[in-house]
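In the form predicted on its own, a lone chain appears below as structure tokens.
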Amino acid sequence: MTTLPAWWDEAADGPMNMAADEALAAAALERGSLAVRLYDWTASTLSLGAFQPLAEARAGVHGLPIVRRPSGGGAIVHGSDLTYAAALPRSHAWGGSAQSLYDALHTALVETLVHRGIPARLHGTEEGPGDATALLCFDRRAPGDVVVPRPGGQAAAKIMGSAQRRLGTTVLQHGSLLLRSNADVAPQVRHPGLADLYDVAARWQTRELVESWLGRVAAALGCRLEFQPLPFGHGREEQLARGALRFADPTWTARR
């Protein structure tokens, strides 16, 4: 049986994380299949969408390191989330349209949360986009975002969003599952996570949640999930070093 390779990396800073995600895309292209990377951040960091103005980010969130992602979408405050990158060749069954990969990963997460007693669902097209111009991803809504009810009948809270970029023959998708509110930012740019909204989620082990989630993704592909170290052969160490320097370059960050 084929495998869905997943790499659980140690925490890194923004430039190194983005460089590793590009390395993931290269590995997925070499394998000809979906590959997933899960990771954390050494410090709370704002990742900026590829097309967002830097000045807007500096005005909206003060004092955090900023890295510009190669993918689009809205800015995300990392540090209290689980961040993932997924990559596959454009020739893959889920690579033909942007929505295919979104729906595959998000539907599997919804099924995992529902199985654990949380009534998660996908945001529907008829519900509207929210503020599509908002700086932060979690202030926006797009079809297929994962949302959950808030206690007291308030509007549903978004707890996972993803953004994508087509890099030649490869698709790279970034996503963020908000586990809890981030205390490193001001209340007006803080969003509730699963553990803030549901007591049961505060007791979950993240690794177990991910194994259940990605296990469903693997099953949908007819393969099995396998956690592996990220393959750094074929000059990948040099690729990582060059990539980290590029993502740390102020010229890249300020390109918009």
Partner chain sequence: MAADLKFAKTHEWIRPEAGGLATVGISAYAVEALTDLVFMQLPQVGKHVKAGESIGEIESVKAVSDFYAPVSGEIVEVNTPLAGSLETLGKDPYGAGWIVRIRPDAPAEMAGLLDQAAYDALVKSQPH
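Numbering follows the first chain given and starts at 1. Predicted model only: the values in this text are computed from it and were never measured.
What comes next is about the form predicted in complex with its partner chain, which is not displayed.
Pick the stretch from 112-120, 177-185, 68-76, 148-156 whose residues have a heavy atom within 4.5 Å of its partner chain in the predicted complex.
-> It is the stretch 68-76.
Is there a heavy atom of residue 167 no more than 4.5 Å from a heavy atom of its partner chain in the predicted complex?
-> Although its partner chain is absent here, residue 167 would touch it in the predicted complex, with heavy atoms inside 4.5 Å.
4.5 Å heavy atom contact, residue 100 to its partner chain in the predicted complex = Yes, residue 100 is a contact residue.
Does residue 163 reach its partner chain in the predicted complex if we count a contact as any heavy atom within 4.5 Å?
-> Residue 163: yes, in contact with its partner chain in the predicted complex.
Is the gap between residue 142 and its partner chain in the predicted complex 4.5 Å or less for some heavy atom pair?
-> Taking the distances in the predicted complex, the answer for residue 142 is yes, it comes within 4.5 Å of its partner chain.
Looking in the predicted complex, is its partner chain within 4.5 angstroms of a heavy atom from every one of 50, 90 and 93?
-> Yes, the whole trio is in contact, each within 4.5 Å by some heavy atom.
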